[in-house]
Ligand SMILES: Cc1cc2nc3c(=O)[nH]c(=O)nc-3n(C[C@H](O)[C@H](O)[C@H](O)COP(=O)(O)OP(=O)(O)OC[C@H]3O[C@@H](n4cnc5c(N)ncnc54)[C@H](O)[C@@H]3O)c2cc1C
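Take a look at this single chain, the form predicted on its own, given in structure tokens.
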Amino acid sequence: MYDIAIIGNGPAGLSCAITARMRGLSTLVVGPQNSTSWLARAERIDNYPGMPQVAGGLLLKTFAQQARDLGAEEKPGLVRQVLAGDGSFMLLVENEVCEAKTVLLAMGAARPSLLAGEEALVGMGVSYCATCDGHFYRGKRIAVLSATAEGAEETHFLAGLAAEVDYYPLKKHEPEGLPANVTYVAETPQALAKTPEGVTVTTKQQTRVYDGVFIFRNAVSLSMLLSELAVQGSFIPVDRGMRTNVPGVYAAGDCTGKPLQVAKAAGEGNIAAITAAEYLATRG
């Protein structure tokens, strides 16, 4: 079990990792292996103190290397859910589970665009984890809604359980090598609904019914990531110690609101690590 798990490997998350390691906390940083954030693509950053006219990608690499040198561990992937337990948290990272005593939310400001009806059906026919829930649909008919070609990997696993699988692209991509019992449906899903027959997927062309629906994206909505978390619009309210309303959970960077600046994110990550260390010290 880690002292702190950091969701996000941008400036807020990496700043937190650096300070957490300097405070002696065992630290896990979870984030995408290849960042496509605006910072990673920025040709030049002029307002980060001490590193004038630095490329955004180089800035991130420098942060990450410093965190690694101090002993922070990294795990590539998407955190699909955070579950609060008795004094600790369980994080579902892709199809693996990690445990931590505290959690920092530093995923940036991006939020996924949910389908109509999707949020209400989570756990009621809609799932985001093939390994967790695939066995419920053994021998049944399911739909996979995927925003990336990586969703095809999950589809291979599900195809070994379900009798039939329809694969819908949420964004344009061409998955390769789909199993024989998987049908590629070149239509864009617009809405989901629950009926006595199952879960329906509606496109502009038609509506189809399934026993279950699996959705794979590169981001998770805040309400689905941590159900107890208080939000204000697209942002997470925090106090000056970067505490959220959930004890042991902190937030830093763009996900806490404007200004969306690297220096602000790095500062908040630093504060969150110090606050988390103080919290852990009080708990023995």
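The first residue of the sequence shown is number 1, and the count goes up from there. Fair warning: this is a prediction, and the values are worked out from it, not measured in the lab.
Here the subject shifts to the form predicted in complex with the named molecule, a form of this protein not shown in this document.
- In plain terms, the part of the chain that comes close to the named molecule in the predicted complex, with a heavy atom within 4.5 Å, is 23 to 31 out of 65 to 73, 227 to 235, 23 to 31, 242 to 250.
- None of Ala130, Leu78, Val182, Val213 but one reaches within 4.5 angstroms of the named molecule in the predicted complex through a heavy atom, and that residue is Leu78.
- When contacts are defined as a non-hydrogen atom within 4.5 Å, none of Glu118, Gly198 and Arg208 contacts the named molecule in the predicted complex.
- Contact check for Ile274: no non-hydrogen atom falls within 4.5 Å of the named molecule in the predicted complex.
- The named molecule is not drawn, but in the predicted complex it has a heavy atom within 4.5 Å of Met107.
- With a 4.5 Å cutoff on heavy atoms, Ala55 does not count as touching the named molecule in the predicted complex; it lies far away.
- Using a 4.5 Å cutoff between non-hydrogen atoms, Arg41 counts as a contact of the named molecule in the predicted complex.
- For the partner-free chain shown, Gly10, Pro11, Ala12, Gly13, Val30, Gly31, Pro32 of 10 to 32 come within 4.5 angstroms of the named molecule in the predicted complex, judged by any non-hydrogen atom.
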